[in-house]
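Given as structure tokens, the chain that follows is alone and in the form predicted alone.
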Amino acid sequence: MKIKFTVQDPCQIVRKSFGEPIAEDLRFVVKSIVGEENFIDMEPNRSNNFCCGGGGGFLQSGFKEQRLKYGKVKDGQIQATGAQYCIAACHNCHAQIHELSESYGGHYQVVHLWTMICLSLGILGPNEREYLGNDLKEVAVFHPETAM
């Protein structure tokens, strides 16, 4: 079984700033890392994607119950893809989506885009693998002592 990935379009850089071109660049990078056959896009996506509910200071606002309720739409959107991983380029998206998965029983992992880039290059350190699922923890592990 192949591992399936989806990607969250960050509101600030996609919807509010650069739109479709940056969304396409994000997909190019993600597909280059995970393989096009392992990528499942959310519906809707790109500039029409739904906000996760954690941006604009909402993640730190103290209104957790409201934030999670707002994010239920995003959780359903991710779950509908059937992906085991949601790649987030934004820290607020990562934290919010992680909480959504735990709160609504999504059973999907959330991983930073930079983590996937480092993993694909074989340079992700052991301490940076802690929140990866067991299916990715040992992928391309770099051991400096054997690289000499």
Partner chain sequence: MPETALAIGGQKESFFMKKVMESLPEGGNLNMCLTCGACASGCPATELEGMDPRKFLRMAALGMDEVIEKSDWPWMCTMCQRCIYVCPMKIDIPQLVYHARALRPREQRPKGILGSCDMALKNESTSAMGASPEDFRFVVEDVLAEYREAQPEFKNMQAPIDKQGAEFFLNQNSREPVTEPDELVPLWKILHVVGADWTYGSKGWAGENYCMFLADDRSWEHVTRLTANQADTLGCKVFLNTE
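Since the model is a prediction, treat every value here as computed from it, not as a measurement. Residue numbers count along the first chain shown, from 1.
The discussion below concerns the form predicted together with its partner chain, not included here.
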| item | value |
| --- | --- |
| Interface segment, criterion being heavy atoms within 4.5 Å of its partner chain in the predicted bound form, picked from 101 to 109, 56 to 64, 78 to 86, 34 to 42 | 56 to 64 |
| Any non-hydrogen atom of Leu26 within 4.5 angstroms of its partner chain in the predicted bound form | no |
| 4.5 angstroms heavy atom contact with its partner chain in the predicted bound form for Gly125 | yes |
| Close approach of Lys137 to its partner chain in the predicted bound form, 4.5 Å, heavy atom | no |
| Contacts with its partner chain in the predicted bound form - residues in 87 to 118 whose heavy atoms fall within 4.5 Å | His91, Asn92, His94, Ala95, His112, Trp114, Thr115, Ile117, Cys118 |
